[in-house]
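What follows is one chain in structure tokens, specifically the form predicted alone.
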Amino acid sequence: MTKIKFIEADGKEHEVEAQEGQSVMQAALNNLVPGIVAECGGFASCATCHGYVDEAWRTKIPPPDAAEEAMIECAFHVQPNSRLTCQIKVTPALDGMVVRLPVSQTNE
């Protein structure tokens, strides 16, 4: 199992175990992480699974494709490390990854 830490905008942390091949979004949903809504079910068409991937992990995941980039532009509080967690597949290389949740995911 790969462990992923989600940190809410207020600092509350949730460390979850994720299965290889599932999305980071699905790992959050399976563990009831607040702020990951995933209204579209993981099809990169809503941005309600928006998260900030910590710098140490950005080079360990493939870059976003054009569809993900277009959807991120529609999200609130976008940063250079913004990603749709539905588009990140869990691999053993991501063990310990940290994903921070934008304030817009939990407070708006």
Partner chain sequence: MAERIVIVGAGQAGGELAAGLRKQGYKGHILLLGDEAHPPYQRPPLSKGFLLGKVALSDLYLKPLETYARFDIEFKPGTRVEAIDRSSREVSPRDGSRLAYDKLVLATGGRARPLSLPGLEGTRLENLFSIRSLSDVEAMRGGFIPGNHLVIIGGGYVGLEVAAVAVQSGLRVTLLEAAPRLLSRVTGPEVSSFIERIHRERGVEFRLSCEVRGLELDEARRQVRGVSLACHGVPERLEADLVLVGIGLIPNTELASAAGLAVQNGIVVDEYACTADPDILAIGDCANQPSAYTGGRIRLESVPNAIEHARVAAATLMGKREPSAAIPWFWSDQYGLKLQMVGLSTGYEQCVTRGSVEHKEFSAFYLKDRRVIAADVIGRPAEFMAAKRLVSSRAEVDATRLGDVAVPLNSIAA
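Positions refer to the first chain, counted from 1. Keep in mind it's a predicted model, so treat the numbers as computed, not measured.
Missing here is the form predicted together with its partner chain; even so, the following discussion is about that form.
Of the heavy atoms in residue 64, none are within 4.5 Å of its partner chain in the predicted bound form. Within this chain, residue 74 lines the site of its partner chain in the predicted bound form, having a heavy atom no more than 4.5 Å away. Of the heavy atoms in residue 26, some are within 4.5 Å of its partner chain in the predicted bound form. In the predicted bound form, residue 47 approaches its partner chain with a heavy atom inside 4.5 Å. Within 4.5 Å of its partner chain in the predicted bound form, a heavy atom is found for none of 57, 82 and 90. Along 32-55, a non-hydrogen atom within 4.5 Å of its partner chain in the predicted bound form is carried by 32, 33, 34, 36, 37, 38, 39, 40, 41, 43, 44, 45, 46, 47, in order along the sequence.
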